[in-house]
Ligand code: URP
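The chain below stands alone and is given in structure tokens; this is the form predicted on its own.
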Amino acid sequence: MALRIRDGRIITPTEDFTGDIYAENETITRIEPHIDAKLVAPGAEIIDARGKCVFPGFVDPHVHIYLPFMGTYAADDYESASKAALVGGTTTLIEMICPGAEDQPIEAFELWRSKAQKLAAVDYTFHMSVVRFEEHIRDQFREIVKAGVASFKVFLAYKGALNLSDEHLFAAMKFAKDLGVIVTAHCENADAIDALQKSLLAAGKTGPEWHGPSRPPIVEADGVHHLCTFAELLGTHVYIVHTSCADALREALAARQRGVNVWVESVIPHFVLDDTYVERGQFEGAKYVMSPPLRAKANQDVLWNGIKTRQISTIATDHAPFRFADQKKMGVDAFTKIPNGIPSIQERVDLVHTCGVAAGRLGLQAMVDACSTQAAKLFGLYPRKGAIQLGSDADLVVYDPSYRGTFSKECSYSNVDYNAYEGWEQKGRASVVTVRGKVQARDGEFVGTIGRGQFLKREPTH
């Protein structure tokens, strides 16, 4: 079916103009100031975008949907997560595959992909976590790369579970360099965190408010420095996920000045929430436990400025949905047992528009770059995704900047039982969201087809 979006303000990282977009066979075929109605196929869907912005579909480069973690499983599946993402304007997800230490990598890849195949309403791909790297399993990672996964994930955190030894980290990063694969990394110091956690618990400091002190900014900065040292030695391209504070960003920028190929991601909770939220009483603070933790409010200006100056490439979510009533409360006696994550897959783009664009912190073009185009470029999806160009997939968001509403659990498609941004004013909303030319969401409602999402096979580009 053909699609025409007319009279919209078309915004990319480099362009801002009013015009029409026409799509056939899932891709964009015409972009003109005005497309003559005689040239539009009979039966084409016509979307009037007057007074609205038209963005490329947004890409979330860091989500968890199927996630065994801390004795439980994430609350979403691809049906609920897809609906939430689409209503929020996100049309492509990159999920982290996080196998256990004893799992076979190829089996984990197939398991994660099977979870998406029948339920995804968005297009999707994966980062493959490396939690051990013995010689005998390296051929499995080669097969995973051949299957279309062109990025790895490593953890410098979660001692005894996900963290890699330095020996395996060095070997995995060299392997990635040889294959042209970018390495995404959770940068902290697993041993320091473990020692701090044990010390705090021994002192009777068990509540969620002690999660932050167990992983202070210096620990995150140390992890960034450590990763970048290996990247400098090996020439590996690295992408630091969920950078939360000035200290960690400073280490990444210092490495970049030394010639390290390093890119920086931050996630929306760190832009808009601060460490006072985790101090809320009645165990409410557990809703705001994530890693790295929420930081002092002064760090928010650093992150917004990092996006504005392009020192920070992307704004993701690290969406990790766990219910408050029965999952977060697993840690009622010890903060170390609280499943980590602040669900934000639906709210991300609207929070960036509300707290960033409408607040005067950055422009629409920077928003598109950080929430769509840079992720597509870094992870081998551009210009199929993250672009409004001839031949690009017709993933498009018609966005109403004048919309006013309220963030709430009631409006959320995620399977969690709370909204971290409950009651906040919302400025702007996606009016129409298309995936490869088909409308999948309208005005806060999912109207699409479950299972229509496609796995995006990627080639190594690093």
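Just count from 1 along the sequence shown to find any residue number. Remember, predicted model here, so these are calculated numbers, not experimental data.
Keep in mind that the form predicted in complex with the ligand is not shown, yet the notes after this line are about it.
Novice: Heavy atom to heavy atom, is Tyr158 within 4.5 Å of the ligand in the predicted bound form?
Specialist: Yes, Tyr158 sits close enough to the ligand in the predicted bound form that at least one of its heavy atoms falls within 4.5 Å.
Novice: Just to confirm, Val302 within 4.5 Å of the ligand in the predicted bound form by heavy atoms?
Specialist: Contact with the ligand, no.
Novice: Does any part of His242 reach within 4.5 Å of the ligand in the predicted bound form? Heavy atoms only, please.
Specialist: Output for His242 is yes: heavy atoms within 4.5 Å of the ligand.
Novice: Closest heavy atom of Ser291 to the ligand in the predicted bound form, within 4.5 Å or not?
Specialist: Although the ligand is absent here, Ser291 would touch it in the predicted bound form, with heavy atoms inside 4.5 Å.
Novice: Quick check on this chain: which one of Asn261, Asn340, Gln140, Thr72 has a heavy atom within 4.5 Å of the ligand in the predicted bound form?
Specialist: Selected option: Asn340.
Novice: Can you pick the one in Arg436, Lys52, His64, Arg429 that has a heavy atom within 4.5 Å of the ligand in the predicted bound form?
Specialist: Contact with the ligand in the predicted bound form is made by His64 alone.
Novice: Among the candidate stretches 150 to 158, 228 to 236, 119 to 127, 105 to 113, which one is within 4.5 Å of the ligand in the predicted bound form when only heavy atoms are counted?
Specialist: Every other range fails; the passing one is 150 to 158.
Novice: Does any residue in 310 to 332 get within 4.5 Å of the ligand in the predicted bound form, counting heavy atoms only, and if so which ones?
Specialist: Asp318, Ala320 sit within 4.5 Å of the partner.
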